[in-house]
Each structure stands twice: as C-alpha cells, then as structure tokens.
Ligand code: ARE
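Let's start with one chain on its own, the form predicted on its own, as structure tokens.
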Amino acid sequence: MSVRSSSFAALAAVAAIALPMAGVVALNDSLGSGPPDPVRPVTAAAGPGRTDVMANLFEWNWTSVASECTGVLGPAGYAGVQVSQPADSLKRTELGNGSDTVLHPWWEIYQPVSYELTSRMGTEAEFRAMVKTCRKAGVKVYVDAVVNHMTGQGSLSYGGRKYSHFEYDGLYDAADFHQKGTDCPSASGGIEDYNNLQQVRKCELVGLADLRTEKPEVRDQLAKYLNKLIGYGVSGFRVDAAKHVGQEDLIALENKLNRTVDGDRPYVALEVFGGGPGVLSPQAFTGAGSAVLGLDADIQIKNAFKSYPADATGSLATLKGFGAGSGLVASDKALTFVQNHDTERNGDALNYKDGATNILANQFLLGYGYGTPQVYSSFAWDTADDSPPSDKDGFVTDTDCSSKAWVCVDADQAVTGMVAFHNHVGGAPVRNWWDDGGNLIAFSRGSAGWIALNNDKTAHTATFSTGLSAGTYCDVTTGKVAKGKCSGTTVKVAAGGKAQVTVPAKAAVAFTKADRV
C-alpha cells in the first residue's frame, strides 16, 4: 500500500498484508468483458533499440524528469518512465504529536484532494511539457494513479483548496464514500481484518476516505481525470491500492479509458501485495489489468542478495528458475523492480543504502528478463517519513544527482549498460546457467548475451560457457564500444564459447553479440 502516515503508523504496517480462493473461477469468467488485450509498453513503438525498461523517478519534479529523459533515459535506451502521483494533494501545515516529526512527508501525495495537476512536483503546464519532452526523447510516461481514496487528514492542499474528510467541492460529497455501518462492517470504519473481503474493499485504509468505486458517477470522475492525462500523452498507469478497489471496479474503470496517442490501450499495472489467499492475491488480479506489481519478486530478490542476520548474504544460486518457476505470476503479467517507495522503507526489499548489492540486484533483474523491469531512483532518507528535498512550502526542488540528497541509480553506468544488454537480448531464453552453490552465478540469454554476477566480498575466477562465438567483447557494466574500441574491460571468448572470467567482488560482467571489438 502506498499510503504511510506517522499518525497511522501502526495501521500502515498492517496495510501491506494480503488477503482471501473462493470465487476465483467465477470472477475470472467475467474478465472477458474488460478492455481488449491491454498492451505492454514493449508493443508500442518505443523507438529504435528500445524494448520495455522503465525508470521510476519517485518524487522527482517535472522539470527534473524532463531533463533526465533528455540527458539519460532516452540516450540509455529506457522505453518508459513512471512518475509520481500528479494530482493536488494534502499539504500539512503543522505537525502532529509523538513521533510525527516530518512537516512535508513523502506520503502527502497519496492523499489527493482534487484532480487538478497542482502538486508538489510542479504545475499542470510543467507536467504537460515534461510528457512532451520525454516522448520526444523516445521515453513514454506512466503515471502513479490514486483511485481508491481521497485524503484522511488536514484541510488545505498544495493547490490552495480547502476540503473536509468527505467533502471535496465540485468533485465528491459524503454520498460518494463508503461509510461505517452502511457499507463498512468494522466497528472503527477502518480495515481491521485484512482477510475480510467487505472490509478490504469498503472500509477505510489507514483512515483514508474510501471512494464508492462501484458508483457510476465516481467512475466517471476518475475516468475524466485519467483520460485528461492520456490526452496529454500519458501511456498508462500504476494503480495504487488496486487490491482495495477490486477487480470488477477496476475493469469498469479501464473500460472508460481512451486509447493513448499511439493508438494503444493504456498499460495498467496494479498494486496488489501478496501473502494471502484467494481473490485478493496478485494472481487473481492478472486479468484485471496489464500487469501486477512485482511485490513478491522484490522480496525474493532481497532474500537472495541479503538475508539474516543483517551482515550475511543470501545465495544467488537460489535464483535459478526465478519467476513463474519460483511461485511468481507469469512474466508477461509482472512489472518488476528491486524496490519501490514502499518496499525500500518497510524491509521487504533492498534499498540504496545497500550500495553495490543494490546495483548488482538491478543488474540481475535487467539481465534475467523476468517481467517488465523498472529501475528505481529517488531521494536519500534517514526516517521512513522523510520529505524529498523541498523548499519551505513543500514543493520538491530540482534533482541534483551529484549531491548526496538524491540517488540516481538509473544513470549508473553499471545499470545503463544492462539496459542496453536487456534491449539487445530481448526475449532470448536463459541458457547455460552456472553457479557455485553460493554467490557466483552466470547465464546466457540464448546466443545473444551473457552475464556473470558475484555477490561475494572477494573476486572469483571461473571458466564459463557463454553461448557466444569466439572473439573479444566489451563488458557493458564498465564501458561502451566506440569506433571499434571498448572504454571498459574486455573478455576473450574462446572457440566453443568458453571464457575464463574474473568477476570482481560485488559486481557483474556482461556483454552481448553487439559488444564485440
């Protein structure tokens, strides 16, 4: 769940628990009435040399996203960028009690007040300019959309609007929200039992006013907002708290969406935390959108790269068969990442503080090919509620990747090289798997590319079957080929595809057929 509030801290931890398998067959039988074959970004002419890799520039302002599209994402071959929730939202003007110490916490944006594009990240004009700039650079834009709820506190928005819990002038009133006693069966009006279907869909999630998404008038308002974004050139959405909306309402809403400016159905990735049985598991939502978020996948990645106790490493050898073979949803139904804004803070995933291990995990994800991969870049933080770098009024300031305040994983050569690797190998199958039973693994992607990853603290040398023809290749994690020369390290592949390679500590070595020098 993408909502965190210091005043709701105890409940927020519970919000990540998944819920009920009764009724799955009947539900899936009804999904045929949904949008016709929602497309993935890979199908939508992303530009030469691009496939489906996204960057997630969490809470970057719009001018900074535009600059990154032009300066990094486009040239590196990213196909898309996910941007933060752009609608007007809660603006805290004073602190609460106890541990409530952050005036403008990051989660303010997950408490929308209106659908005007007057957010912490910039103005509507800046948003439109960003989308145009990114598309010109070959990078499609995907928006984080909050459709389950409005806000749960405060009375003033970043756009200067005033509101109350169930009253949003010109948009919604009390009749548009689920109410305790009428719809919600819990005593508090909030979700108390995350295995109770009625509570999950019709009670308030951590105190947030829960929209009647089954109501046609509410769906019309939501569709109007999302279609405005599509009209501005947006290619799809990451749907926050989709588990709490429900499949039927999601499908009905998607049916109201226009095609994108490229003529495709919008790509819709649904946030559904795993861990529970039945109709609210991630698997049960795969027919209600283009994909579900890889919230189980990032846990598996974390456990392979970093297990307990905290100073121990896991075993990369356990990643053999990662994906549907390890209990995850089908690859074409997953939007995958090493972490996102929730999981980097709640312990489910690695985060930037894991340094080289975090980079290595991103290299694995890009190299292995499970799901639509997304690279997360955001701001540094000390406490879970910390604000992104902002001015005194809470508006996010420009991203500076040279400062310690921002963590620009998307621009790291070790990562951008693997974006190029991913784009080149495409859908080639994983072959020639090799591992030492511990933290050194290697595999090829058919005969298109090969990668080895070492999560140990010392370098290891071994002889591998690369699947590629004899020759000298440029390691894309350290350099590029230009005018027939490699700016990084090289690897010699002998006849029969064998290569003796020294893989540095906490690093990878990778190359494709296109990287021959």
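Note that the coordinates shown come from a computational prediction; the quantities given were computed from them, not determined experimentally. Start at 1 and count along the sequence shown; that's the residue number.
Missing here is the form predicted in complex with the ligand; even so, the following discussion is about that form.
Student: Sort through 70-78, 439-447, 227-235, 340-348 and report the only stretch with a non-hydrogen atom within 4.5 Å of the ligand in the predicted bound form.
Tutor: Of the options given, it is 340-348.
Student: Only one of 335, 418, 208, 288 gets a heavy atom within 4.5 Å of the ligand in the predicted bound form. Which one?
Tutor: Looking at the other structure, the residue within range turns out to be 208.
Student: 323, 274, 122, 138: which sits within 4.5 Å of the ligand in the predicted bound form by any heavy atom?
Tutor: Filtering the options by heavy-atom distance leaves 274.
Student: Check residue 194 for me: does it contact the ligand in the predicted bound form (non-hydrogen atoms, 4.5 angstroms)?
Tutor: Output for residue 194 is yes: heavy atoms within 4.5 Å of the ligand.
Student: Considering only heavy atoms, tell me if residue 176 and the ligand come within 4.5 Å of each other in the predicted bound form.
Tutor: Residue 176: no contact with the ligand in the predicted bound form.
Student: With the partner left out of view, is residue 127 within 4.5 angstroms of the ligand in the predicted bound form by any non-hydrogen atom?
Tutor: Residue 127: no, not in contact with the ligand in the predicted bound form.
Student: At the 4.5 Å heavy atom threshold, is residue 423 in contact with the ligand in the predicted bound form?
Tutor: Taking the distances in the predicted bound form, the answer for residue 423 is no, it never comes within 4.5 Å of the ligand.
Student: Can you tell me which residues in 237-267 come within 4.5 angstroms of the ligand in the predicted bound form, by heavy atoms?
Tutor: 238, 240, 241, 243, 244 sit within 4.5 Å of the partner.
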